[in-house]
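Okay, here we've got a single chain as structure tokens, the form predicted alone, with questions on binding and movement later.
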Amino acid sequence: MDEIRVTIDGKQLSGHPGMTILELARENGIDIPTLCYRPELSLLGACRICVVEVEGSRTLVGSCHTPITPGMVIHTHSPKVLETRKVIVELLLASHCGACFMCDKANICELRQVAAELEVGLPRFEIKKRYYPIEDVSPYIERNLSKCVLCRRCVRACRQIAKRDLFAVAYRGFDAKVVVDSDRALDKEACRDCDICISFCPTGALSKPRKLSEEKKGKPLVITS
């Protein structure tokens, strides 16, 4: 197999045909943040946080789905790249209804981690927020779509790993959301003892129901009428 030689951040690196910029960078210890990418899942390029600068290209490119080509010169942390990533994260936070201090996933939330790495604080933008009531009809999964960043990792994980294909993305633009069936509440027996979508969710949009969590901890449940 012929090697492909490229330059990333001034380093001469070699990869193989079909390898993406992100794969080669991570293989060589170069960190490029992303929310929608997971090596176990198919490529999508939805979040755009992994953009990099390729010399000769008119625009920034998504590193997760752009294959390397001979002689490529790539900059992963140029001023243009960092500024673009910050704006993308700010926009995600601006439309994000999640209150981090009340979120069970706050300390491991990937959106929060990326924001911290890019030194993004309170977003400068005032835009309409996505708000959906918490969906807790399922005894296995609680959904809070107000915290969803539309990375589609749950959609792909359910389809490609769990082999159940329960999720899809419906509507367009600002109204786009992850749905079940014809936008109905998630109440599927197929979700019993699965948790795959929960483990792949980068934010607190998917979690185990609080009642079930309390039962597993051995704490008494207080049931009110």
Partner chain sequence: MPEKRIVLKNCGVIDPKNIATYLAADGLKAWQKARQMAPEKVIEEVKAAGLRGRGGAGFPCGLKWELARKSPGDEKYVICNADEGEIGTFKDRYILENDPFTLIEGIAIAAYAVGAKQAFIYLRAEYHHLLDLLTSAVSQSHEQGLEVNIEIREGAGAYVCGEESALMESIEGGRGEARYKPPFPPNRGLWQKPTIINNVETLMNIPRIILNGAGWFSQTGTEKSKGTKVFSVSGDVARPGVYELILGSPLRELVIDLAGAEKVKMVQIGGATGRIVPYTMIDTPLSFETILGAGSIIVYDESRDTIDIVYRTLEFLAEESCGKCSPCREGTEAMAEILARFDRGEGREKDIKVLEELARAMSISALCGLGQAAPTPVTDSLQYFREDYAKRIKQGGKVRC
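Residue numbers count along the first chain shown, from 1. Just so you know, these numbers come straight off a predicted model, no measurement behind them.
Here the subject shifts to the form predicted in complex with its partner chain, a form of this protein not shown in this document.
Annotation: in the model of the complex, residues Ile88, Leu91 and Val149 each come within 4.5 Å of its partner chain through at least one heavy atom. The partner is absent here; in the model of the complex, the one residue of Asn144, Thr76, Thr84, Ser138 having a heavy atom within 4.5 Å of its partner chain is Thr84.
The listed set Ala162, Ile32, Leu41, Leu60 contains one residue whose heavy atoms approach its partner chain in the model of the complex to within 4.5 Å, identified as Leu60.
Looking at Ala46, you'd find a heavy atom of it within 4.5 angstroms of its partner chain in the model of the complex.
The closest non-hydrogen atom of Ala185 lies beyond 4.5 Å of its partner chain in the model of the complex. Not displayed here, its partner chain is kept clear of Pro70 by more than 4.5 Å at the level of heavy atoms in the model of the complex. Though the partner is left out of this view, Arg26 does not reach within 4.5 Å of its partner chain in the model of the complex, counting heavy atoms only. Contacts with its partner chain in the model of the complex, taken as any heavy atom within 4.5 Å, map within 120-135 to Arg124, Phe125, Glu126, Ile127, Lys128, Arg130.
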